[in-house]
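Let's start with one chain on its own, the form predicted alone, as structure tokens.
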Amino acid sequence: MKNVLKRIIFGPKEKEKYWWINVLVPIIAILLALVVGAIFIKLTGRSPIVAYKLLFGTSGLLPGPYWKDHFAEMLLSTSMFVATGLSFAIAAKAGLFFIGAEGDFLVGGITATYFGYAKPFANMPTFIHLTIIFIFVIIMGGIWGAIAGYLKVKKGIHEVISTIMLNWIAVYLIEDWLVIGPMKANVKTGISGTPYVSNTARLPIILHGTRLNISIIIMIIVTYLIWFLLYRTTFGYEIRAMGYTLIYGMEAPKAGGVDIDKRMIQVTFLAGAVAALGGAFIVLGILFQYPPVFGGGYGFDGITVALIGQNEPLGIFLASMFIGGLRTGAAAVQLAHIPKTFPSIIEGITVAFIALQELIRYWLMKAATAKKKSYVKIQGGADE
């Protein structure tokens, strides 16, 4: 049975020869999106070259004026995109379409806020204070995510339905009750939203003169840990088996002794915990409080990031840098009289091409096999 699972997960050896196709698919999708975007810009009578020069020149992805500041802002966004992107990917590996990262992100943010300003913790040393905050963030985010897993296992409720509902419950529970009720700042201070977190709860800066903090270092470590968990542990092997055999009702893992129900709850807990880290980052490293209205959207952006990154940890990290760069440089394109929402269009087109990845794979595989046949034919002729 184990050998059968290996063949299901890793596929025939012939496919392993063309591993580079998995790398090229998102790259080609991005390039095609940029080409289509350039066409749209040209149709409006504006210069695509000027637009892209402004966009990428201030994205932090390429050297340029004030690169240090742009680079820092790009990495700040990257850390949050990685958190929600990994959240989606972890569940996807197990065959779950988990779109609850938005709610988990908010739960992580409000949890970090409370433990950031609450009196018993505010006077502790920074290291201890931050450690306590992140422990509770992981626990609360994980529990919120695991609710969806529990409902699927015990009640048969599809995770898409439960996570959508949990997202909205999180929004209304937090913004329409906690932030304007029990956690409301003292009116005399003139602060709207919650109180500000203490200085000991703020993430240490790692690049002087910018806002870049240790959140990016934390997510580099988390990305590695998720990769290790997925590809170097029995747990990861089992959840990947679940994902690859989803269409067959996960019968192969079940026959192999995998406790499917238990793994689903564990996976949703892990997905929720990772997404909650992003919420903690934005509170402890940027806002320093939970505002009256939280912009949000990072949870849904995580789906985009995960799709571009092919649900692979390293791919997600690189995709997060790309999306973070687009968001950082978004304001600059207005100098070319192009709406700052244009980078979001690029993201959408990229995902559209990612959706056509099987067609792109087919073209690449056809080109690779044709080249191989041509090479063999030439070699055969030379031997004669």
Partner chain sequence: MNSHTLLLLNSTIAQTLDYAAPILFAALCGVISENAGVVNIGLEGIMRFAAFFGVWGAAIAKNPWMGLLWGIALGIILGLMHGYITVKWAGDQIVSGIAINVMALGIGTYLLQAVFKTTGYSPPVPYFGAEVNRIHFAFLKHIPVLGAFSDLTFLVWLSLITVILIHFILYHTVLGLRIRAVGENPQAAETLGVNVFKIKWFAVITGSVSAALGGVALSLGTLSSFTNAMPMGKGFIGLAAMIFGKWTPFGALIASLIFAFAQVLQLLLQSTASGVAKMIPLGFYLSLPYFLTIGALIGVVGKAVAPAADGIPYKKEG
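Positions refer to the first chain, counted from 1. Whichever C-alpha set is largest while still superposing within 1.5 Å between the two forms counts as the rigid core. Computed from a prediction, not measured in an experiment: that's the story for all the values here.
There is also a form predicted together with its partner chain; it is not shown, and the following applies to it.
For the candidate spot formed by Ile303, Leu307 and Phe342, every residue has a non-hydrogen atom within 4.5 angstroms of its partner chain in the predicted bound form. Checked against its partner chain in the predicted bound form, the candidates Leu356, Leu62, Ala331, Val50 yield a single residue with a heavy atom inside 4.5 Å, and that residue is Leu356. Proximity to its partner chain in the predicted bound form, defined as a heavy atom within 4.5 Å, holds among Leu225, Ile164, Ile217, Ile139 only for Ile164. In the predicted bound form, no heavy atom of Gly209 sits within 4.5 Å of its partner chain. At a distance threshold of 4.5 angstroms between non-hydrogen atoms, Ile221 is out of contact with its partner chain in the predicted bound form. Although the partner is absent here, Ile338 sits close enough that one of its heavy atoms falls within 4.5 Å of its partner chain in the predicted bound form. For Ile169, a non-hydrogen atom is located within 4.5 Å of its partner chain in the predicted bound form, even though that partner is not displayed.
Between 313-321, 37-45, 65-73, 52-60, the stretch whose residues reach within 4.5 angstroms of its partner chain in the predicted bound form through a non-hydrogen atom is 37-45. For the partner-free chain shown, Leu151, Lys155, Gly156, Ile157, His158, Val160 of 137-160 come within 4.5 angstroms of its partner chain in the predicted bound form, judged by any non-hydrogen atom. After superposing the rigid core, the C-alpha of Gly45 moves by 2 Å or more between the shown form and the other one.
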